[in-house]
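Shown below, as structure tokens, is a lone chain in the form predicted alone; questions about how it binds or moves come after it.
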């Protein structure tokens, strides 16, 4: 890819990507505020893991790993994110999913 094409992609998608990042930050802030209201010290830098229910904790960890993937280098971030949020392949998925 040439630099001018990269510039064009950034310019064309900037507002949409910015909105998505703000949504992610707002969601993480809401979670932190809820945990702070439950008696945890304000400004705690400890991860939320261990203070959430098991399902929410697992989901939170996946979101954190997804953010780490976003911050990493390489042309395959979307594929790695898709893999992170996908179920492992099961040969009997049709029976399991009742499809």
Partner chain sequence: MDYIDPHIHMVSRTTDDYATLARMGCVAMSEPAFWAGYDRGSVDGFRDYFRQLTQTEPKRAAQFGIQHFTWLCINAKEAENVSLSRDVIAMIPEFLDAPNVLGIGEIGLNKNTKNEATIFLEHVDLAVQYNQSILIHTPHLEDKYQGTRMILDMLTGDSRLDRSRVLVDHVEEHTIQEVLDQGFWAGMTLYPVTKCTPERAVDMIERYGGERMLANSAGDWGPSKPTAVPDLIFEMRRRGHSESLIRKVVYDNPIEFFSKSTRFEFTPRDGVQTV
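Residue numbers count along the first chain shown, from 1. What you see is a predicted model; the values in this text were computed from it and never measured.
Just so it is clear, the following notes concern the form predicted together with the partner chain, a form of the same protein that is not shown.
Peer 1: Against the partner chain in the model of the complex, would residue 79 count as a contact residue? Criterion: heavy atoms within 4.5 Å.
Peer 2: So residue 79 counts as contacting the partner chain.
Peer 1: Considering only heavy atoms, tell me if residue 99 and the partner chain come within 4.5 Å of each other in the model of the complex.
Peer 2: Close contact exists here: in the model of the complex, residue 99 approaches the partner chain to within 4.5 Å, heavy atoms only.
Peer 1: Residue-level contact is defined here as any heavy atom of the residue lying within 4.5 Å of the partner chain in the model of the complex; does residue 14 satisfy this criterion?
Peer 2: Answer no; every heavy atom of residue 14 is more than 4.5 Å from the partner chain in the model of the complex.
Peer 1: Can you tell me whether residue 18 touches the partner chain? I mean in the model of the complex, with a 4.5 angstroms heavy atom cut-off.
Peer 2: Contact check for residue 18: no, nothing within 4.5 Å of the partner chain in the model of the complex.
Peer 1: Which residues, if any, of 78-99 lie within 4.5 Å of the partner chain in the model of the complex when only heavy atoms count?
Peer 2: Sequence-ordered list: 78, 79, 82, 83, 85, 86, 87, 88, 89, 90, 93, 94, 97, 98, 99.
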